[in-house]
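Next up is one chain by itself, shown in structure tokens, the form predicted alone.
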Amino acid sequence: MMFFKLAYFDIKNSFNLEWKKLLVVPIGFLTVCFPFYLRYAKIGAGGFGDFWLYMFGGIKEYTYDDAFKFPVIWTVVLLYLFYITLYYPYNDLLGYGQNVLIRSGSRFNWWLSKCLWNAFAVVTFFTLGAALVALFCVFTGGPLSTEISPLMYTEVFEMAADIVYPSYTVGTLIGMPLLTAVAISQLQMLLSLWLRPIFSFGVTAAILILSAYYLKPFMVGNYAMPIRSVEVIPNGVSPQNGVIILSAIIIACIVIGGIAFKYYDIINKEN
């Protein structure tokens, strides 16, 4: 019962403190949707799947024969999400959260509550983003299906035109970016136990950049790029393996963080 009270407190308290950051989310998503619609709707790309892939597709595999094109939209969207989840656990620990921690009588429950809050924040971000994209499609007359226009691959991502690319499953298009974001956000929160939030945020940014540069299964950011899935390219990352790896990261963050927090020196953290 105490755990659920902690979780409810975190969700309610974080919203009261961080609601201004959420206001940027609709502005950001619509800022991406409008230029995309004006530029690509005329070639037949304007459905929900097209908009979503434009934001979360990432970039095609980088080879040394081509110039590296930084995935600006993909990186900015994800980094802003990780910025939203960055400071609340840290600030709560140094503030009123100490009183809540003492009253709860369980450091592990306190940490588990933060992990649940973290995952809830990521899911909320994706849910809000999906709702905004769907509304935009309704107003512009685009289909609400996850079907991808073939021109998305050739025109937007500059992939080979002589290949017939398959349609995505919902799990690959939406589920994998969501699960990847949860895993990286949990890792960022875990690192904040030992590093200041700004430095753990730097590690998060490095993970995304390196993942864009290298198509490797252990570069977990690749699982958040649907166009790098094995469903699309032969040497892509496997969503099935990704679920195992990402789930292992989440579980490890919960367990390691829970154990470490039992012996955590809160007083020195304040200095």
Partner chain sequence: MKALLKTELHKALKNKYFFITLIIASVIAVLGAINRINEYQSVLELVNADKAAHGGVSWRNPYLPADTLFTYWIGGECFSLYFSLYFLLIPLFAAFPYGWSYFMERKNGYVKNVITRTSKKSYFLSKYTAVFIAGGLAVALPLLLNFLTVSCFVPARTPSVLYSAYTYVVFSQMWSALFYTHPFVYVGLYLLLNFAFGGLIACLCLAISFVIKNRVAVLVVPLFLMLCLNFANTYSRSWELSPINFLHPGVVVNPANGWIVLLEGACLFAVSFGVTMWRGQRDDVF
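Numbering follows the first chain given and starts at 1. The shown structure was predicted, so the numbers you read here are calculated from the model rather than taken from an experiment.
Just so it is clear, the following notes concern the form predicted together with the partner chain, a form of the same protein that is not shown.
Of the candidate stretches 25 to 33, 237 to 245, 45 to 53, 224 to 232, only 25 to 33 has residues with heavy atoms within 4.5 Å of the partner chain in the predicted complex.
When the partner chain is considered in the predicted complex, L86 lines it closely, a heavy atom lying within 4.5 Å. Mapping the unseen interface onto this chain, L79 counts among the residues with a heavy atom inside 4.5 Å of the partner chain in the predicted complex. Heavy atoms of F201 reach within 4.5 Å of the partner chain in the predicted complex, making it an interface residue. Residue contact check for K216: none of its heavy atoms lie within 4.5 Å of the partner chain in the predicted complex. For the options L135, L191, M159, I73, the one in contact with the partner chain in the predicted complex, meaning a heavy atom within 4.5 Å, is I73. If you check the partner chain in the predicted complex, you find a heavy atom from every one of K69, P197 and A205 within 4.5 Å. Residues of 128 to 158 placing a heavy atom within 4.5 Å of the partner chain in the predicted complex: none.
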